[in-house]
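As structure tokens, one chain now follows by itself in the form predicted on its own.
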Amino acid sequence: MSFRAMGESATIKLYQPERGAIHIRTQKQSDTLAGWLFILPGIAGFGVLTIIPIILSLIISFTDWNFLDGLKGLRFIGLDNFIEMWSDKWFVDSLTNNLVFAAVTVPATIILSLLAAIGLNKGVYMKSPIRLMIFMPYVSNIVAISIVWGTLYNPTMGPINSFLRSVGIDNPPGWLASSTWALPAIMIMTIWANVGYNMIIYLAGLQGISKDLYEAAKIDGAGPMRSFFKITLPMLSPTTFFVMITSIIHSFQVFIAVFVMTKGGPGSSTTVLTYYSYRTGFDFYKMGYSSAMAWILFLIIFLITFLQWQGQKRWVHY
């Protein structure tokens, strides 16, 4: 296509794309539109069911609101909820229990799952059934597991204390009935339930390590322990980082086991932030205070994850 401008003698030629190029561009736009239409329901569901509730909970955290009164009972009180919780004994106890729970269960789960993965990565008799048995608790219903463990922990008729008495321990722990042993009892059950999942992750990591590295180390005279600390652990560092992040987040979200086994008791010995936030909102009808605690929990998890993300540059080898 060309035209001659007024008063000019030169002919300006305009670029005209080839018909094939136009077709490709039209096809690409059509594919893009189809892609957006496919993911639109997911985006809409995520926005309505996740993003909007998050924003509303942030707004509610600055209010004193009993939801039974409807929106007319909404009263803005600024930062009072966030200030009040630090003088609330139940909140402080819940936060302490959460930190203790994470400090014990996360390292214990990682160590046990790593040892199980190393043991089952080699030629072990009945390897597959053993893997299945270890993984099974993770995919089982947590409510059912909590009920079963509650029976096992029965202080008078439970199998655990019966066994302890049979081996000569006259005064075994009261487990869920004891303010000293209730939280450790839930920790033991949580570790047992989560080892299988982390073991599968570690097995995938172990099978991704090249055998040439071990052969080279063997030629250089390295023994099994040296190979483990110089090859296996460094090569598994990305896996360990992933397992650590997910385990910490999971430990701060523990709720069902506490709800089913102890309901936060005895006293506040097993009350954690999620359970106390739930009770504050739906038993005491203080939705503003409950939302403020939920946001504090979110900020704690975010801060720990951020620090881990910054620290992983020093010990994770990709």
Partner chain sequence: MNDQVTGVRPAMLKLLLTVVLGAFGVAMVLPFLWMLSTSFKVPIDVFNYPIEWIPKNFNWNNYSRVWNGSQPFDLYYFNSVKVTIITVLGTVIICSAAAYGFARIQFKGRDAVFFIFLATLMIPDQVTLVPRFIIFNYLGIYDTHAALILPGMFTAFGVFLLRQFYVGIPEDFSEAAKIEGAGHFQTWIRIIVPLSKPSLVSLVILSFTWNWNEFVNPLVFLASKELYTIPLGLTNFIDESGTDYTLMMAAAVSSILPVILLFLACQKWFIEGVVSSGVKG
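Positions refer to the first chain, counted from 1. Keep in mind that what you see is a predicted model, and the values were worked out from it rather than measured.
One more form of this protein exists, namely the form predicted in complex with the partner chain; it is left out here, but the text below deals with it.
With a 4.5 Å cutoff on heavy atoms, Tyr125 counts as touching the partner chain in the predicted bound form.
Although the partner is absent here, Ser290 lies within 4.5 Å of the partner chain in the predicted bound form, judged by heavy atoms. The shortest heavy atom separation between Phe228 and the partner chain in the predicted bound form exceeds 4.5 Å. The partner chain is not drawn, but in the predicted bound form it has no heavy atom within 4.5 Å of Phe62. For the options Ser178, Thr96, Ser237, Ser162, the one in contact with the partner chain in the predicted bound form, meaning a heavy atom within 4.5 Å, is Ser162. Proximity of Ile83, Ile248 and Ser269 to the partner chain in the predicted bound form is absent: no residue of the three has a non-hydrogen atom within 4.5 angstroms. Of the candidate stretches 179-187, 139-147, 228-236, 87-95, only 139-147 has residues with heavy atoms within 4.5 Å of the partner chain in the predicted bound form.
Shown here without the partner chain, the chain has Ile43, Gly45, Phe46, Val48, Leu49, Thr50, Ile51, Ile52, Pro53, Ile54, Leu56, Ser57, Ile60, Trp65, Phe67 in 43-79 lying with a heavy atom within 4.5 Å of that partner in the predicted bound form.
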